[in-house]
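Let's start with one chain on its own, the form predicted on its own, as structure tokens.
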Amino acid sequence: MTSKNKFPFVTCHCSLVTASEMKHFLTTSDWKRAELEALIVSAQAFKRDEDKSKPLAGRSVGLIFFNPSLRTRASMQVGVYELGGNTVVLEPGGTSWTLEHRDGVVMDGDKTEHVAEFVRVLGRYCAGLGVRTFAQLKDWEDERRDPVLEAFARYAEVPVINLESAMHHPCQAMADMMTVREKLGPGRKRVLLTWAWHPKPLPMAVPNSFALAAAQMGHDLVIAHPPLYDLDDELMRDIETQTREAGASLSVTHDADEAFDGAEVVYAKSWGSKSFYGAPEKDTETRASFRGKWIVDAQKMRRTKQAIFMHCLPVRRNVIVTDEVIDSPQSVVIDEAENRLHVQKAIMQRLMQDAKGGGGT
């Protein structure tokens, strides 16, 4: 598998590997399938309590949250603790200075510190950094390049983990892939990623990363969404390449019902249209007509092969999915959320056990 440069306006740094071969975890596309498989095996060992190693003993991990969080924040803090380490949680503009990520900017506005100093200073204290920064849904061409995350990776001298960015949520995707294997066993599955109605446009990071990881793991993938809600063109080319190399299949449909036929996994998520970036009122107006039709309900689930139901959470009940489905034995959303902890422990162990930086190194 080849890795594509996700940040074409920056050279060298965006391979995500420094001269010392340090890896980051920004998107699953920068990792080979065998490496992703190994992370799942490691996560399973942590979950079974077979791996009791403490690779972060005497060390700290910096967690930078530009946005609210429950599962990501809790699972990372617990995970670092269980690996023997300490967390430094910072919220730019709240518990730390406001941050500027653009280069060459005259900082005479409301930003106090540049990422160039922020990241390198934290790297002297911490063994690794986790960064969470959502899409603003304002400028598609800018946000699809993940400029804030890219700035962190560019200046970091320790591994960086993407805890959700404008374009990707790889930790969630790996927990998803672990859950599919845990519930249905190894091997290819028929996986449906379905758009669902939501009262407002949401970022595309979760569906982007789920679809990409499902393709990388060799699943037959169906993506269902209304017209105008297609995923990024470059991302879809990556997904097409992955499915082709795996000998799997990929199909895209606008039929909210037929997409469920024969599915073994149903993953529901709403996302905004890139056509309406910067114009949320147009997105809201367009999606209004899809309410009631694009919802995961018992009738649709009966078209599947007793599929498991998945969602990254938080979820709006009886908007994205009915109570009947999310409370059914087919729903695995709580197990899926738990697996965030185990997967992230595996990722941190892989990245940080040999990385320099932070106390004790």
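Everything numeric here is computed off the predicted structure, so don't read it as measured data. Numbers for residues come from their place in the sequence shown, where the first is 1.
The same protein has a further form, the form predicted together with phosphoric acid mono(formamide)ester (CP), not shown here; the description that follows concerns it.
Only one segment in the set 66-74, 292-300, 30-38, 44-52 has residues whose heavy atoms sit within 4.5 Å of phosphoric acid mono(formamide)ester (CP) in the predicted complex; it is 66-74. Using a 4.5 Å cutoff between non-hydrogen atoms, R132 counts as a contact of phosphoric acid mono(formamide)ester (CP) in the predicted complex. When phosphoric acid mono(formamide)ester (CP) is considered in the predicted complex, C312 lines it closely, a heavy atom lying within 4.5 Å. Among residues of the shown chain, S270 is not one whose heavy atoms approach phosphoric acid mono(formamide)ester (CP) to within 4.5 Å in the predicted complex. Taking the partner from the other structure, phosphoric acid mono(formamide)ester (CP) in the predicted complex has a heavy atom within 4.5 Å of a heavy atom of H169.
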